[in-house]
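Only one chain is shown below, in structure tokens, and it's the form predicted on its own.
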């Protein structure tokens, strides 16, 4: 499967974000992609603060309804971050819209909230293993800080995913640069899976973002990478069978099971 990652500049009109995601879906479909991944809280913007109280939507709200139609019209599936309202509770979530199935989106809720900012506005449901089949590709989901905990990626790898999609809002700075350059590649390598890591770039009213979105192969090779600023649309072909040799050379999952590291 060919996938696309849409790095989004945080600048500009927040209200235009759904329009930009729809435009990226059309561009990605024209480029032959069957799946587009957008950043954490892509539909609202990440630095909105107290505005999340009224911005948050349900899993079958206006955004989901609109993007389901776009997915059907373009033939491209979508993973996009949004602030989710579930009763009185708010989550940092990602919706998975399958272009081939006219159904309510699959929802993943961020487990590992980062810092006082996120904890002030959102709740964590705890770890979960959300896997969806998109065109024969087994896709697992994490959001931003989740992937920085090895246990989260390993749990998905043990469940047999081919790709971990990671919408993120990685901040600019030394630690952000390290995560983008080294941690993402390490997670892919140590779990022998593809990782699509999709960030914002530039600044909004509250934060500045690292950019440097990437798609990484199971052998740690970077298949596509964006710069530190501006919108970018990355493409890569995801072929799990192409990395059989890497899995034989680095059989971490098999050997960890044999020595009962998970018991």
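Residue numbers count along the first chain shown, from 1. Note that the structure is predicted; figures quoted are calculated from it, not measured.
One more form of this protein exists, namely the form predicted together with a further copy of the same chain; it is left out here, but the text below deals with it.
A.B. asks: Though a further copy of the same chain is not shown, can you say which of 137, 107, 183, 101 has a heavy atom within 4.5 Å of it in the predicted bound form?
C.D. replies: The option sitting close enough to the partner is 183.
A.B. asks: Could you tell me which one of 220, 228, 61, 47 places a heavy atom within 4.5 Å of a further copy of the same chain in the predicted bound form?
C.D. replies: Answer to the contact question: 220.
A.B. asks: Taking 4.5 angstroms as the heavy atom distance cut-off, pick the stretch from 161-169, 75-83, 188-196, 90-98 that is near a further copy of the same chain in the predicted bound form.
C.D. replies: The contacting stretch here is 188-196.
A.B. asks: Do residue 122 and a further copy of the same chain come within 4.5 Å of each other in the predicted bound form, heavy atoms counted?
C.D. replies: So residue 122 does not count as contacting a further copy of the same chain.
A.B. asks: Is residue 255 close enough to touch a further copy of the same chain in the predicted bound form, meaning at least one heavy atom pair within 4.5 Å?
C.D. replies: So residue 255 counts as contacting a further copy of the same chain.
A.B. asks: Counting only non-hydrogen atoms and a 4.5 angstroms cut-off, does residue 178 reach a further copy of the same chain in the predicted bound form?
C.D. replies: The answer is yes: residue 178 has a heavy atom within 4.5 Å of a further copy of the same chain.
A.B. asks: With heavy atoms only and a cut-off of 4.5 Å, decide whether residue 249 touches a further copy of the same chain in the predicted bound form.
C.D. replies: Result yes; residue 249 sits at the interface with a further copy of the same chain in the predicted bound form.
A.B. asks: Flag this candidate site as yes only if 114, 148 and 154 all have a heavy atom within 4.5 Å of a further copy of the same chain in the predicted bound form; otherwise mark no.
C.D. replies: Affirmative, all three are within 4.5 Å.
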